[in-house]
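The chain below stands alone and is given as structure tokens, in the form predicted on its own.
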Amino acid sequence: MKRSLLAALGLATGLAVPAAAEDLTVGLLLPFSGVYASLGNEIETGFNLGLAAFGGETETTFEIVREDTEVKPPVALGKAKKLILQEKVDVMVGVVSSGVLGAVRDMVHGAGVPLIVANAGNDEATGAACSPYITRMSFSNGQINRPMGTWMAEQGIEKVFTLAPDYAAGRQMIDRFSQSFTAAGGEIVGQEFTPFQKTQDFGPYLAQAKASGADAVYVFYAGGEAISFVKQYDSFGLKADLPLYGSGFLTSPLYVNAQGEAAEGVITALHYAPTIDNPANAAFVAAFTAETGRAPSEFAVQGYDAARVLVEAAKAGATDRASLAHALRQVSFEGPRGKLAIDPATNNIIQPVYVYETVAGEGALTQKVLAQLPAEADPANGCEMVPLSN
């Protein structure tokens, strides 16, 4: 489905218009069906709000072509080919799943079409599989877990038991946390990886954690697994003696209210929380709440900032694939998350990480920010960035 977003007005029409010199065609490559449809919709809502908020700063018109990846790598590859070869998009935005990003990487790189990643966090995408045409505006798995290991050790926590689903993201997140925690003097006293999307009863793993002698438990779970895990952790009565920590996807604003009181007191780290106190976030939260009636999640801000970085590239004079790829990696701005920049060595985002506790608010759960951890560039992780041709 195509629609033209007039940058100055943020208005949509149902018809595609012929591309003019000041037009950019944007392929929105997201899951609009399947298990991650809610994430795709959240990112799209944020993206549209970003174009409406900042598009008036440029005369460029953005024509949007939506394609549904269905969170299936073969489907996503076919849709990417369609966007590149048939729709002749100037840039693509989206990709929720790391598996989908891995599937489309070579197509994107070979065709020289810029891709602004609005979610997928696999470390390889800005590591060994980096590309000058792939710019990540979301996070890397290591980036949001590595600082938490250091911070927890600084709080006097000496022994930790870790849990995560047994797939690439789960292992990367726990590995990066464990490395920094042990480097800071902590000890991992137990570690388990649960069958991904197959574990309904976490009881045996929670029993191991309780018997491990740990001071705390650190986990990564997301979506339905996060809801189930947090509820079961609470029902086991562990939080009083064995506090629960994790990456912020554990208590994402997108579904934390489904966890209810069980989420209270859980401390997590993420690159965004809707309670971050700065003017850019206040404006974003107000716009998103007016549009949806609820607070935005990390997925929404990733879409919002993806639109902002695209507008900034257009303001810098980018008019086609090559100039967009050059411009995207040079963008920096103050956004809802704080100061953002792109590391030219990897094309990964540089951003603050926030530690927050989920607490009861007025009629809903909310996030109490405990600390803002410094923004740091990821290590190259095997990235050898190929120079862009002029």
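Just so it is clear, the structure is predicted and the values come from calculations on it, not from any experiment. In this text, rigid core is short for the largest set of C-alphas that superpose within 1.5 Å between two forms. Residue indices: 1-based, along the sequence shown.
Below: the form predicted in complex with a small molecule, not depicted.
Peer 1: Here the chain is shown alone; which of 36, 62, 54, 356 has a heavy atom within 4.5 Å of the small molecule in the predicted complex?
Peer 2: The residue in contact is 36.
Peer 1: Consider the chain as shown here, without its partner, and state which of 274, 121, 147, 186 has a heavy atom within 4.5 Å of the small molecule in the predicted complex.
Peer 2: None of the other options qualify; the answer is 121.
Peer 1: Are 97, 141 and 299 jointly within 4.5 Å of the small molecule in the predicted complex, each by at least one heavy atom?
Peer 2: Result yes, every residue of the spot touches the small molecule.
Peer 1: Taking any heavy atom pair closer than or equal to 4.5 Å as contact, tell me whether residue 161 reaches the small molecule in the predicted complex.
Peer 2: No.
Peer 1: Can any non-hydrogen atom of residue 218 be found within 4.5 angstroms of the small molecule in the predicted complex?
Peer 2: Close contact is absent here: in the predicted complex, residue 218 is far from the small molecule, nothing within 4.5 Å, heavy atoms only.
Peer 1: Check whether residue 249 has any heavy atom within 4.5 Å of a heavy atom of the small molecule in the predicted complex, and answer yes or no.
Peer 2: Taking the distances in the predicted complex, the answer for residue 249 is yes, it comes within 4.5 Å of the small molecule.
Peer 1: How about residue 222 - does it come within 4.5 Å of the small molecule in the predicted complex, if we only consider non-hydrogen atoms?
Peer 2: Residue 222 belongs to the contact set for the small molecule.
Peer 1: Where does the small molecule sit in the predicted complex: which of 127-135, 231-239, 163-171, 276-284, heavy atoms within 4.5 Å?
Peer 2: Going by heavy atoms within 4.5 Å, the stretch is 163-171.
Peer 1: Please check if residue 142 moves between the shown form and the other one, taking a CA shift of 2 Å or more relative to the superposed core as movement.
Peer 2: It does not reach a 2 Å shift.
Peer 1: Core-aligned, is the CA shift for residue 278 between the shown form and the other one 2 angstroms or more?
Peer 2: After core superposition, the C-alpha of residue 278 moves less than 2 Å between the shown form and the other one.
Peer 1: Rigid core fitted, is the C-alpha displacement of residue 166 between the shown form and the other one 2 Å or more?
Peer 2: Yes.
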